[in-house]
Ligand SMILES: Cc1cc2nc3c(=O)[nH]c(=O)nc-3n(C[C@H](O)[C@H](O)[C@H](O)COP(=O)(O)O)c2cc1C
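Have a look below at one chain only, the form predicted on its own, in structure tokens format.
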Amino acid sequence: MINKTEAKKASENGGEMATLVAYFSAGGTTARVAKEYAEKIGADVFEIVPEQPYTKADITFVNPLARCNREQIGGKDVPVAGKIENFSEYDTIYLGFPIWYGQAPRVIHTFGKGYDWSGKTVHLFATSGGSGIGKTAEKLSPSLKGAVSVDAKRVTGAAEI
């Protein structure tokens, strides 16, 4: 069912509501899931890439001095390369990422802070080798200010989104 906000957006966009699948992938798993799902639903795709790409050494969780650990523990912003110029045209966004320390990587928080999420429905999907989804939606919501709703689920494949 389309609510009044969605109906207004649809009429402004010539009756069409746009869907976006945006994702960050460190090892390729999230990229595979995101691209497969976007193709399945006919959505646009945007890869979230940090300005300074991660090396294999940067995402070694067993090393407390690895970049991913310093960013997560320190709550640091991780600048994103590129921008979605027509972000206002999307009203449904699927946002994918691996789970790092029980939540989204910091690059996802930085990505979120770069846009106006007002009136958008956000579906978070996360891939993980062993961590659950935890309080991912709750922890990421402050970076998605204005979103109508934010839900989250851990997935292993596009069929589960």
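Residue positions are given as counts along the sequence shown, with the first one as 1. Worth saying up front: this structure is predicted, and the values here are computed from it rather than measured.
The next section is about a form of this same protein that is not shown, the form predicted in complex with this ligand.
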With this ligand left out of view, which of 129, 114, 64, 53 would have a heavy atom within 4.5 Å of it in the predicted bound form?
-> 129
Among 38, 93, 99, 48, which has at least one heavy atom within 4.5 Å of this ligand in the predicted bound form?
-> 99
Is there a heavy atom of residue 30 lying 4.5 Å or less from a heavy atom of this ligand in the predicted bound form?
-> yes
Proximity of residue 141 to this ligand in the predicted bound form, heavy atoms at 4.5 Å = no
Consider residue 25 of the chain shown here, and say whether it contacts this ligand in the predicted bound form, taking contact as heavy atoms within 4.5 Å.
-> yes
Partner proximity in the predicted bound form: residue 68 to this ligand, non-hydrogen atom cutoff 4.5 Å | yes
